[in-house]
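One chain is shown next in structure tokens, namely the form predicted on its own.
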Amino acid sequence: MGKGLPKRSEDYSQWYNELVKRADLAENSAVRGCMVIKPYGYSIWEKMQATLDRMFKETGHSNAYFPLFIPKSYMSREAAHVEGFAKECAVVTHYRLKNDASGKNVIVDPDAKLEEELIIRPTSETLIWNTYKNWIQSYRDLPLLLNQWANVVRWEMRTRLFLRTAEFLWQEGHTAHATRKEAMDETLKILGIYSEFAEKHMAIPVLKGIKSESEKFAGAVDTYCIEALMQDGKALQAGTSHFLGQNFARAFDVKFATKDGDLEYVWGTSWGVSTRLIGALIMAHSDDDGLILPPNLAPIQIVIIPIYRNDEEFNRVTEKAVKIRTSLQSRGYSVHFDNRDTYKPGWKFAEYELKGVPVRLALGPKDLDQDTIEVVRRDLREKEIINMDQLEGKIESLMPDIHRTIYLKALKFREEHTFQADTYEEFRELLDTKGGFVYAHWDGSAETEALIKDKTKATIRLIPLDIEKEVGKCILTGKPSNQRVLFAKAY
């Protein structure tokens, strides 16, 4: 199979775009800026969804669903929120089509104008908090811990499959609490879930922190996030958890009666990850020959390729391969036996390498005679011939080792591309020549942050939660600073 992928070192952007398409993950749709997620790509999302859904439910959350349409008046109730999303909103103004006078063309019926325009959901805080007003009256109704799996629309001008599209899939959690502490605990709990998911299932090391005032979610008091580093040295925001304070409760007049009989505004959070995580998975691990998928999220964890020259050999190999597949499936592995006779084994080897299948098994007549099987791991391309009775134990040890290996590789890359800068000149040189994460002092002002972004295209990815305070001087203004923040160019 001639993959012919561009090399990452020569054109990373083209490599990414081609890999998404050739690995059969997604393609551009007829609607500009939107994508069609193909079955193989959607299978990855389903695995992400199933794992996160379990993690949410284990921590007391339930799923619900809210409408796609939001009355325009709702958006104006929280000023910072509407300002943050105004330029990305798609608006429904009419509810009917009709044929024109010729009968050949369809037009919007001018008499079917909506009394109030509807916003296609860019996020659901406004609609959900309007609903919560009806659901919450007393402290007995709290906490309210809801999540929904949905699609959203944010009208993007420059799009890229999975990373930035006009419509995408995600989950959005929306919780309501009686106290500030409970809401803050929830915000940080979700941040921990996202971090655990990224590292234990996606094999991507992440940093946790809080967003600057300029970068936080529109309408939040504070936004917490996880950031990952891609192989081209750019950062990718991989998940956000927002402490909303009482902002949306005040905007929608959501109050509850306390145990003492007082009326207080509810405290809120919201949080989400999206199909952007598939883009992160691709860019963090894959190589010039295709995807490298962590076993926990691979649609096919093991593929069996038969080697044969005639029908008699094919039948012998198939009988054994089916038994192996059944045995491994009974142990919870996703196994595919590729018995297509239209492609040669070498073509199949290349296809499954491109698709990032973690383990490939090859089985031929000689293996049957010698009671052996060939095992190849995708991440290191190591090939091994083992006795058939060792196969199940080999797979059991191989899967976590593949995860650990690709995680440590990504961690090593991040460590090698994380720097400190004490002057603006040093900061600029690191960004221009090496990329990656740069810890530097910042004076805390939005004006300085905007100026650095304008000059270098780098943004403050997060203010770290887990590093000690350190007195210094802002790299741009020389004003006092008590902590380094994390800068990077980002997607």
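Just so we're clear, the structure is a prediction, and the values are computed from it rather than from any experiment. Start at 1 and count along the sequence shown; that's the residue number.
In what follows, reference is made to the form predicted together with the RNA, a form of this protein that is not presented.
K.L.:
Considering non-hydrogen atoms and a 4.5 Å limit, which listed residue (H81, H285, R360, K355) is close to the RNA in the predicted bound form?
P.N.:
When the RNA is considered in the predicted bound form, the option within 4.5 Å is R360.
K.L.:
Using a 4.5 Å cut on heavy atoms, which of F413, F337, Y139, Y308 is close to the RNA in the predicted bound form?
P.N.:
Selected residue: Y308.
K.L.:
Picking from 294-302, 131-139, 364-372, 109-117, which part of the chain touches the RNA in the predicted bound form when contact means heavy atoms within 4.5 Å?
P.N.:
That would be 364-372.
K.L.:
Spell out, yes or no, whether the shortest heavy atom distance between K473 and the RNA in the predicted bound form is within 4.5 Å.
P.N.:
The answer is no: K473 has no heavy atom within 4.5 Å of the RNA.
K.L.:
Does the 4.5 Å heavy atom contact test between K383 and the RNA in the predicted bound form come out positive?
P.N.:
Although the RNA is absent here, K383 would touch it in the predicted bound form, with heavy atoms inside 4.5 Å.
K.L.:
Please check if W149 has a heavy atom lying within 4.5 Å of any heavy atom of the RNA in the predicted bound form.
P.N.:
Judged by the heavy-atom cut-off of 4.5 Å, W149 is well away from the RNA in the predicted bound form.
K.L.:
Using a 4.5 angstroms cut-off on non-hydrogen atoms, would Y194 count as touching the RNA in the predicted bound form?
P.N.:
No - in the predicted bound form, heavy atoms of Y194 and the RNA never come within 4.5 Å of each other.
K.L.:
Is it the case in the predicted bound form that E186, R428 and F437 each bring at least one heavy atom within 4.5 Å of the RNA?
P.N.:
Per the other structure, none of E186, R428 and F437 touch the RNA.
K.L.:
Pick out the residues of 230-260 whose heavy atoms come within 4.5 Å of the RNA in the predicted bound form.
P.N.:
Result: Q237 alone.
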